[in-house]
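Included below are structure tokens for two forms of one protein chain, each presented in isolation as structure 1 and structure 2.
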Structure 1
């Protein structure tokens, strides 16, 4: 069994957390021959070299000036050439990186490398001529090999043993891959960043209250049921012939077009055929896991640009400008597609309870109190990335850029610091209430109401 693991080095110089989980899963497969592969500058050789100590038999660095500036499609093209050359039984990728946060490269790579695909893998249950996995949102799935799996944050990457030895890193160029330079790097990237700026979205004016006022604030917030969904601002100019896949993207579509056609979310081949035949100016998809998977596959089939998790759309009547958070939500990027139709997934929310209670890392010592509080209001308990990373609560409960996006009528953040990657997943909630002992905690900048108090004292 040959397993190829795609790895990206993060801005901190370390392995992307999702890719770390993919690498660990590969190392756990008995009698597997594991190869790790990454694309980057020559300096990334030392990064890969360190990772060989964990058990990979081989490490490959795809490095060439022609690869620089690649978007997800150009990256997938380059990786696909390597996959075809190596001919593995399985390809493991992390679900997404923390740099782009798109979750597109894996599904695109599966199309270009002609493999089966399972995304959002929570566990690998059986491997042979077929592979069976339990996924985050779509149950148990079985596909034939060769297959590509995108792995969720389901484990911790092992540390090297005292006796482990460094392996070797091979460097492959565009020439080594037989790559078409026109499909690589910035030249081959159909999406382009027009500009970036600091993410200031979602901020609110917080009114500080006492814990005695909390119950009434919640009751009042629940009565504002019709005021909780804030639709994006319409554009004065409009695009003709915009397709939406399912009804989820409609509020975004209505801001850029009066000519909207709904297509059902089916398989990638059927949708690619319809889009190719009907030639819309733009196609909008939801941000649920199936839409993300199928949209990336369609983009690879049709060689189109795809912008992920857009929070705002603009048009001048000709071009579609897409705005999305990047770098864990700290910046907003304005993006345009050089291919037509322009395609984007837009930040749609997942259905849940009217009230959600988020137990942040600051609530770790009072989880029973937080659970009792959530039960009192029939609220759904959710959490933050830091709580998940520290094994306090499960990943299935995580809200944020690398978790799920929610918009309940009332969101109560307890012991939540207010990191931008968490804010990205809950900022469209109706009324946001924050409880934190630190009056300067960033979460209060995104809350309608705040209580500055110890977690336990505020809830009892």
Structure 2
């Protein structure tokens, strides 16, 4: 069994956390011959070399000036050439990178390398001529090999043993891959960042309240059910012929067009065919995991740019300008697509509970109190990564950059400090309420209402 693991080096120089899980998962497969591969600057050689100590038989660095500045499609194109050359039974990718945060490269690579695909893998249950996995949102799935799996944050990457030896890193250039330079790097990338600016959008003006006012605040917040939470700014100029896949993206579409057609979310082949036949100016997708997967597959089939997780759209009547948070949500990037139709996934409201109660690390000693409080309001309990990492609550509950994105009507953060990584996953919630004894905790900058108190004192 040959397994190829795609790995990206993060801005901190370390392995992208989801890729670390993909690597660990590959190392756990019995009798597997594991190869790791990364696209990056020549300096990434040492990074890959260190990782060979964990057990990969082979390490390959795709490095060439022609690869620089690649978006997800150009990256997938380059990786696909390597996959075809190496011919593995399985390709493992992390669900997404923290730098790009798109979850597109895996599905695009599966199209271009002609493998089957399972995304959001929580466990690999069987491997043979077929592979069966439990996924995060879509049950158990079985596909035939060769297959590509995108792995969630389901394990911890092992440490090297003292006796382990360094392997070797092969460097492959564009020429080694037989790559068409026009499809690589910046030249081959259909999406373009026009500009970036600091993201202040998540910040709110917090009104501090007493614990006695809490239930009334929650009731009032629930009554805002019909308010639009997302993207309320209509454009003076309109774009003709905009397609939305499912009803989710409609509030976004209505800000840029009066000419909207809905297509049901079916499979990538059917949708690619319809889009190429009917030639809309833009196609908008939701941000649930199936929409993310199918949109990336359609982009790869049609060779189109795809902007992920847009929070705002603008048009001058000709171009579509897509705005999205980048770099863990600290900046906003304005993006255009050089290919038509422009395609984007937009941050849609996910189905889920009206009220979510987040039990942060500061609530760890009072979990029963938080659970009772959540039950009283029929709220869904969610959490932060620190609570997950400390085995207090399961990963399926984690909200944030490396967890899930949620946008309930009311989000009550209890014992949550408000790290940007957590904020990225909940800032589109309707009303945000924070409970924390530290009045300077950053969470209050992102909350509409705050109670400066200890969990127990505030909830009992």
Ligand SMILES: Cc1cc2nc3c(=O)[nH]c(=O)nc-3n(C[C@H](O)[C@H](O)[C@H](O)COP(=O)(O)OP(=O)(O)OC[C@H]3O[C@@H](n4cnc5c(N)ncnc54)[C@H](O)[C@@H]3O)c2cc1C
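We call the rigid core whatever largest set of C-alpha positions still superposes within 1.5 Å between the two forms. Positions refer to the first chain, counted from 1. Keep in mind the model is a prediction, meaning the values are calculated, not measured.
Handout entry: Selected structure - criterion: the form predicted together with this ligand
Key = Pick structure 2; the other is not the form predicted together with this ligand.
Exercise for the section: Examine residue 455 after superposing the rigid core and state whether its CA is displaced by 2 Å or more between structure 1 and structure 2. Expected result: Yes, its C-alpha moves 2 Å or more.
Practice task
Once the core is aligned, please say if the CA of residue 385 is shifted by at least 2 angstroms between structure 1 and structure 2.
Solution key: Where the cores coincide, residue 385 still shows a C-alpha shift between structure 1 and structure 2 that is 2 Å or more.
Problem - Threshold 2 Å Cα movement between structure 1 and structure 2 at residue 401, rigid core reference - result: After core superposition, the displacement of the residue 401 C-alpha between structure 1 and structure 2 reaches the 2 Å mark, so yes.
Practice task
Quick one: how many Å does the C-alpha of residue 215 shift between structure 1 and structure 2 once the rigid core is superposed?
Solution key: C-alpha shift for residue 215: 2.7 Å.
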